[in-house]
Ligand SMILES: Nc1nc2c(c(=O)[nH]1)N[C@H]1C(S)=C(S)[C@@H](COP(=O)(O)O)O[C@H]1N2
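Here's a solo chain for you in structure tokens, the form predicted alone.
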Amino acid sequence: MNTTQHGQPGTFPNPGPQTPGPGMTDRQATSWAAAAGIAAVGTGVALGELAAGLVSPSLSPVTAVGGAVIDAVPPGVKEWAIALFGTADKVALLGGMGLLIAALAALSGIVELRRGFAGVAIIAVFGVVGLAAVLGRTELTANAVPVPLLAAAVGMVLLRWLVRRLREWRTEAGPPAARLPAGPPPAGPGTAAQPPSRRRFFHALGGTAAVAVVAGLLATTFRGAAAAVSELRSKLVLPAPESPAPPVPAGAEVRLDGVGPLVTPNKDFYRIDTALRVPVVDPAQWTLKVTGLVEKEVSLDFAALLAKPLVERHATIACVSNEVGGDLIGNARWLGWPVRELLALAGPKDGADMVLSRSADGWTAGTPLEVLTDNRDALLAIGMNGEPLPLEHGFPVRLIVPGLYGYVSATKWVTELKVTRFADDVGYWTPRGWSERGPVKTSSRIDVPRDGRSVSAGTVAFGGVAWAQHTGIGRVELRINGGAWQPAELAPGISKDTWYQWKLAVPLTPGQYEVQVRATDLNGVAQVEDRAPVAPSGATGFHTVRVDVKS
């Protein structure tokens, strides 16, 4: 006769409580895929903001998109947001953007799991939107352009990696069992053995999240300081110059397609410096000290500088690394106080022949004392093309010295002028193989037609720029296929401290042509024909383009 007692014939052992097997349900896979998407995109965004804080403090993908949203919404929506959130309206906007990004990031993880590369495509759209927003902002600089692409690339790579780990886990775990077989659980009471792929996924997910948190904290620190100073900069009203810039002469701009503007917009102005992170200097905390071989040390704060009799001048500055025909050169309208007046207050001592200027980040430049005390417009500049200096270009104060390459003169974020001697001190680049004094060399460039371009037979218009800062350009000539030099039409320069534009129309029949340009300064000295590299004192040689003339 059968009984129900344990161990008696005809009975079954009690299976105990039902325990789920180690498999993965679709809901679990979807949840972890969403988490992977959030971690991947969050890391990309955080690293993008950190990169922007290092190289483009005025503009980042998040601030660009936020600015574009603010510009696009109707006035009624803006008024509603201000009425609802008050001064926290921008915080609310950023919070809303964060929630939207998180939702789309989760979606990217889910669709990536279900259909490979679909989630990556969503992140690619993120990158395109960020790039479009960055390109549309007035604060745009060249350094800001690759940042949204970098952020998107990081997110795409991480998403593929995390989802691959998740798929390995799901495959190894298999579908969930309804209940475990009778007997002791394989990994202890009430538990199920977990596959190694599960551990690998969680390590990957946790590591990615940790990187996102660290990058986010660093980005918040950098960009918070930059945002505060950018806000101060945006509210700064520059004083009117006591000596305004002379008007630009009629005809100074040749207005030839392919030749850039006579005055370089701030967003297009080249940037070369050693700062891995753009120094963020609060103008209220800024001071400039004059030290060294002086009768008395002088200290100047920003408010005192604004109160000085300021002058405004156009000046072209160039980097010593500018190759023949290169674009590491720009012309702007600068507002500032003459350095010679500050040095006169300190009284340089006999024997001094150099001023070692120091940046807020410790970078130094050695400038001949004579060029800072002669009649040229060497300035402690606070303004650029009618607005405060951009952060990337030295806000709140930088040096501008016509006639010298930037590595010996154009100190950004300047905080100290040490009057000294070349025999006693050196700037940053001199011990690294560059020349001591760095006068700009007379040079010229063909901007149109570009090298290698094809043009139609007939009259071909050539044009470009030439410069000999603080000396001035007297003549520009073109030579075609090694023939005689032909004088170009030289536009009047703004001053001898700026570049000059030129143009020349030449009748050309079908064929291949090699065209060279040379400039001669106002002292009658022609630019050097022999080719030389940029080191140690600036490149020389005639800029040459090859043009294919088609019938």
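Position 1 is the first residue in the sequence shown; the rest follow in order. The shown structure was predicted, so the numbers you read here are calculated from the model rather than taken from an experiment.
Just so you know, the form predicted in complex with the ligand exists too; it's not on screen, but the next bit is about it.
Asks: May I ask whether 332, 467 and 496 each come within 4.5 Å of the ligand in the predicted bound form, counting any non-hydrogen atom?
Replies: Per the other structure, none of 332, 467 and 496 touch the ligand.
Asks: What is the one choice in 223, 314, 393, 198 with a heavy atom within 4.5 Å of the ligand in the predicted bound form?
Replies: Only one listed residue qualifies here, and that residue is 393.
Asks: Just to be sure I understand the contacts: of 218, 455, 209, 272, which is the one whose heavy atoms reach within 4.5 angstroms of the ligand in the predicted bound form?
Replies: Here the answer is residue option 272.
Asks: Based on heavy atom distances of at most 4.5 Å to the ligand in the predicted bound form, which listed stretch, 157-165, 128-136, 361-369, 243-251, is the contact stretch?
Replies: Within 4.5 Å of the partner lies stretch 361-369.
Asks: Report yes if any heavy atom of residue 108 sits within 4.5 Å of a heavy atom of the ligand in the predicted bound form; otherwise report no.
Replies: No.
Asks: Though only this chain appears here, would residue 398 touch the ligand in the predicted bound form if you measure heavy atom gaps against 4.5 Å?
Replies: Judged by the heavy-atom cut-off of 4.5 Å, residue 398 is in contact with the ligand in the predicted bound form.
Asks: Spell out, yes or no, whether the shortest heavy atom distance between residue 410 and the ligand in the predicted bound form is within 4.5 Å.
Replies: Yes.
Asks: Though only this chain appears here, would residue 318 touch the ligand in the predicted bound form if you measure heavy atom gaps against 4.5 Å?
Replies: Residue 318 belongs to the contact set for the ligand.
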